[in-house]
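Starting off, we have a lone chain in the form predicted alone, written out as structure tokens.
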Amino acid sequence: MLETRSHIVILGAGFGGLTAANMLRKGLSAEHHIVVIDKKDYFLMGVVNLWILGGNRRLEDSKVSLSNLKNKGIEFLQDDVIQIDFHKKIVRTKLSKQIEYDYLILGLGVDFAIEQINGFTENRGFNLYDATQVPKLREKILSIKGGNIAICITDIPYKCPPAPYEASLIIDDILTQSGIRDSINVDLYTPTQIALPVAGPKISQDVVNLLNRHNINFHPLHKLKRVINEKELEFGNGDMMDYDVLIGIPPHKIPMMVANSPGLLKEGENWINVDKFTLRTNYENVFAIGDVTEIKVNQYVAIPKAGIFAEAEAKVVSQQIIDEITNNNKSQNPRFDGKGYCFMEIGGKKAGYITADFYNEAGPITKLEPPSQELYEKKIDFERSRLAEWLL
């Protein structure tokens, strides 16, 4: 029986979107149309920010053009999605295009909302998650001779949970190599009671112990309220702290397109709700993956906003779509298993390795492998291998 030509639209060219596009292209015949839509024309993996901070990479050398997708038989459209009409199965974009779909994958990621922190931008704070600001942040750190560097996790959840801690350790390494570490305090502030709630108390304490060994001051239960001026911070608990360099992990929010598409969010929800195994939304043939979703494991923990989980979810979604289009009667009914991992860089070209099983019946299990140079090399290969598979 001949397959009916299908139109598959993927919103977002991050971990999830690129994984899905490539897997679908490999699993479906050429007549099936796959299009990826993203407002950027390039892909830049988030881990690169830390390498730019550490001086091991340049921003201009790290962007990969999304136009490379066409070489793989995947259409790429640089555009901004405004709204989805789920009943007519149409995606509307800023350039006034209406794109029909048979299957839709939402891999939109998050938007940053640093403007929610009063005084942050006006007083020259640096957004760690904005790659364009990181080179200037590195220059600033190298230019100071003393004082206080404040790293503030402004809200939860946020992408790449270990990243602020990695940044603090890389900064410690920069200052040590420059011979000025003893003249500078490094303070890390978080609104949570423990360092990494998604990893649990054991790994959180391991992280704090690591910070202590590097003389990095850890301040739990400190939610940044406002930046008073270029020297002083005010926290929600009433504490006032001095700083000379301010680094923020910005509040995250759902992309505006989601709010403009009635029915995706229910009242009281901040992220898209999906089936925890299939990643299906309430709409026919519409899936959501990665950071734009919230998958609750229990009342305290949700699947972290991290690329490795978006990648795993994308594989599950893609296989479901392939099975449906090809009428695969031997399908194994692919399910997302809640497993993932991440590397935790500590400076000095070393990294640790965190593994997690969030769907474990007895409760989430996480493990931390001690830092080593070998694991740092694996982190570098992690980026290299994905770029080769997705875009090169």
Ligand SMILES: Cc1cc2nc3c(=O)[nH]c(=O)nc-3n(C[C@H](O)[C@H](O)[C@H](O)COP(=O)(O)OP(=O)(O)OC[C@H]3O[C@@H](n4cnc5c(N)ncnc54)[C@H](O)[C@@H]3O)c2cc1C
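One-based numbering along the sequence shown. Model, not experiment: these values are computed from the prediction.
Keep in mind that the form predicted together with this ligand is not shown, yet the notes after this line are about it.
So this ligand isn't shown here. In the predicted bound form, which residue out of 155, 79, 294, 102 has a non-hydrogen atom within 4.5 Å of it?
Result of the distance check: 79.
Looking at 119, 255, 191, 251, which has any heavy atom no more than 4.5 Å from this ligand in the predicted bound form?
Only one listed residue qualifies here, and that residue is 255.
Going by a heavy atom distance of 4.5 Å, is residue 125 a contact of this ligand in the predicted bound form?
Looking in the predicted bound form, residue contacts with this ligand do not include residue 125, since no heavy atom lies within 4.5 Å.
Within a 4.5 Å heavy atom cut-off, is residue 305 in contact with this ligand in the predicted bound form?
Yes.
Report whether the minimum heavy atom distance between residue 310 and this ligand in the predicted bound form is within 4.5 Å.
Residue-level check for residue 310: yes, a contact with this ligand.
I'd like to know if residue 283 sits close to this ligand in the predicted bound form, meaning any non-hydrogen atom pair within 4.5 angstroms.
Contact check for residue 283: no, nothing within 4.5 Å of this ligand in the predicted bound form.
Taking 169, 347 and 371 as a possible spot, do all three reach this ligand in the predicted bound form with a heavy atom inside 4.5 Å?
Not a single listed residue reaches this ligand in the predicted bound form, so no.
Among the candidate stretches 355-363, 43-51, 326-334, 22-30, which one is within 4.5 Å of this ligand in the predicted bound form when only heavy atoms are counted?
Flagged stretch: 43-51.
Going by this ligand in the predicted bound form, which residues of 12-34 come within 4.5 Å of it through any heavy atom?
Read in sequence order, the residues that approach this ligand (within 4.5 Å, in the predicted bound form) are 12, 13, 14, 15, 16, 17.
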